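First, one chain by itself: the form predicted alone, in structure tokens.
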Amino acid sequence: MFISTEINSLAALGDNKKVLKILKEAGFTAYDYSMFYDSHAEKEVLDADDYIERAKAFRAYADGLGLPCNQAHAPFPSATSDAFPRFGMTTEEYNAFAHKKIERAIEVAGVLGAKVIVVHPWNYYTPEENAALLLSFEATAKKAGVKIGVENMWNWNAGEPTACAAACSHHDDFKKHMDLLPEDTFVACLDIGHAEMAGLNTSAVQMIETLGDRLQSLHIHDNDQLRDQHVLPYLGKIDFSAMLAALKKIGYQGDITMEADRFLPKFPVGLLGEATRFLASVANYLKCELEK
């Protein structure tokens, strides 16, 4: 079982080769290659004409450090609707643009050796609409040798202090999404923080127990059970003991992947090494507790 973390929260260090070096020195045993819009990964690899060759070179560097890529994350949103314009594009233009980006991201993830690449469902689609969207990436994922991780979303309840329903935000809806997708290519990626936001009528434990062996990937972080804060575990209100017990109950076989991406950016560059070591210590603690 690897311990890994997303790489975007160390963007202040500069290029992603520096980030990998810090992660290795901190004690992480793998990394999550996050290809978000305007990220180093997008600029350095994803948007380049020679993106496959660049991905191969990055893989060679990571292999030289002894730090594998266990997980990746595609750009998002994966689609949009007329009420949510993006980048000044029409819905049709953005959806075609995003589809091409995600297909490239899946290819890159395969070159890097990732087991799973997380692809968001579109918040406002039905399970059937999201199945059609996600299945459009199936052939690319199979060719790349990587599984697609479907993540639980959330929407904000305007004028209220709580979240409200979105694709996969409730354990029953998440299971319905997964039941429409073939098991050989699609797995569930549970975002622990999203599952614990008030208003969604679920919990991380309910999600884990409902998803069972379809759950093969995690995004681990903490919050106040109201907002999507992405802070370090044990700084919020989530019950990680209950989460770990539920993971043991289903025989979870995935990795411990942190997404506490609002923790590291709070520190000046001179403290990022120490802060990353502590993040790795927390990840390793969770791993050891899970393996007891």
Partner chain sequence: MIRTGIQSYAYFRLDDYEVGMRKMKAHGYDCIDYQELMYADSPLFRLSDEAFEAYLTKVGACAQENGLQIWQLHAIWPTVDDTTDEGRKATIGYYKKDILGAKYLGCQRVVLHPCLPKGWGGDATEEEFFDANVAMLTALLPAAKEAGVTLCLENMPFKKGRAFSNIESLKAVIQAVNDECVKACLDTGHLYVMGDDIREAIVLLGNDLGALHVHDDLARQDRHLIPFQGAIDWNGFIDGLKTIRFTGCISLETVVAERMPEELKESFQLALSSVAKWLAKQVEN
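Positions refer to the first chain, counted from 1. Owing to the predicted nature of the structure, the values given are computational and were not obtained by experimental measurement.
What comes next is about the form predicted together with its partner chain, which does not appear here.
Engineer: Determine which one of 258 to 266, 23 to 31, 40 to 48, 53 to 61 lies within 4.5 Å of its partner chain in the predicted bound form, judging by heavy atom distances; exactly one does.
Structural biologist: Heavy-atom contact with the partner occurs in 258 to 266.
Engineer: Would you please decide whether residue 248 lies within 4.5 angstroms of its partner chain in the predicted bound form, comparing each non-hydrogen atom pair?
Structural biologist: Output for residue 248 is no: heavy atoms all beyond 4.5 Å of its partner chain.
Engineer: Evaluate residue 282 for contact with its partner chain in the predicted bound form, applying a 4.5 angstroms cut-off between non-hydrogen atoms, and reply yes or no.
Structural biologist: Contact with its partner chain, yes.
Engineer: Does any part of residue 235 reach within 4.5 Å of its partner chain in the predicted bound form? Heavy atoms only, please.
Structural biologist: Looking in the predicted bound form, residue contacts with its partner chain include residue 235, since a heavy atom lies within 4.5 Å.
Engineer: Taking 4.5 angstroms as the cut-off for heavy atoms, does residue 196 touch its partner chain in the predicted bound form?
Structural biologist: Although its partner chain is absent here, residue 196 would stay clear of it in the predicted bound form, with no heavy atoms inside 4.5 Å.
Engineer: Thinking of 222, 271 and 278 as the candidate spot, does its partner chain come within 4.5 Å of a heavy atom on all of them in the predicted bound form?
Structural biologist: The answer is yes; 222, 271 and 278 each reach its partner chain.
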